[in-house]
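Shown below, as structure tokens, is a lone chain in the form predicted alone; questions about how it binds or moves come after it.
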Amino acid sequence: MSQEPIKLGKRESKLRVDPKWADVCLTCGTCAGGCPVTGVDGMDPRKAVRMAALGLDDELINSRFPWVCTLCGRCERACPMGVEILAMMRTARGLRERDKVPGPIHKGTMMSMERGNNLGIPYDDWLFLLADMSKEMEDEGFPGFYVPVDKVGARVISTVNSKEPFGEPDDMKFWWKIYYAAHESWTVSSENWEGVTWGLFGGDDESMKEQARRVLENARKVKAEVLLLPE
């Protein structure tokens, strides 16, 4: 970070930070005490608030702080002065250039927009997996079990974390067994079934809204009463 003196003056904050924060924040450390990642890569919510209050928007946006932050919100709930730290961090994420968003978050978001799930599992592979695992469930002592797909009139529609069919498919059996035991009327979607919204974590509001719209549309198509999200 530059060692040059900071010039203060009238400005508009990209982070939509209230200038009063500079006076309101007591730097008491309550936020840092509640933050589960304080100290990781130098992370300290107080530093982030000071950067924003002093107009160091770009420095904060391009730092690792918004990405080390888990967005759990404990800092904001703990703050005695009501400083909106969580909102600031998520805004900073959204202002990062998309090709500089760390890890798979942006790539997964774009994959979900294109193929309906974060990991790009093809339509045919998804249906094949559900049929194959339904047979496994029958063989394991659940006679008549099958995974209902796009079942109109089902009471519950479940979205799915794509990590499960991609790498840990047996994990889906846990909730399938509950449905089976409860004689629940349920279904999953053949398309746009992803239940993990990485647009939320990446600050990509438009993609987040589109994914939510698709999930709701699926629920309305089958006239489900309950929408179950895995996260």
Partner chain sequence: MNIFELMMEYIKEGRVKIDREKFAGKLATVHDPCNYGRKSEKAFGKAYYDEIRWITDQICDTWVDTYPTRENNFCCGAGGGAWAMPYTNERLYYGRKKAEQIEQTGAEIVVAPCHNCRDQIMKALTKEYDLEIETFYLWELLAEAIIVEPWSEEEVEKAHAEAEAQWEHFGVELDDDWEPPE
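Residue numbers count along the first chain shown, from 1. Since this is a predicted model, take the numbers as computed values, not measurements.
Omitted from view is the form predicted in complex with its partner chain, to which the following refers.
The shortest heavy atom separation between residue 98 and its partner chain in the predicted complex exceeds 4.5 Å. The closest non-hydrogen atom of residue 28 lies beyond 4.5 Å of its partner chain in the predicted complex.
Although the partner is absent here, residue 38 is a contact residue: one of its heavy atoms lies within 4.5 angstroms of its partner chain in the predicted complex. In the predicted complex, its partner chain lies within 4.5 Å of some heavy atom of residue 148. For the candidate set 121, 86, 110, 154, a heavy atom within 4.5 Å of its partner chain in the predicted complex is found for exactly one residue, namely 86. At a distance of at most 4.5 angstroms from its partner chain in the predicted complex, all three residues 139, 163 and 174 contribute at least one non-hydrogen atom. Residues are counted as partner-facing when one of their heavy atoms sits within 4.5 Å of its partner chain in the predicted complex; in 53 to 70 these are 64, 67, 68, 70, in sequence order.
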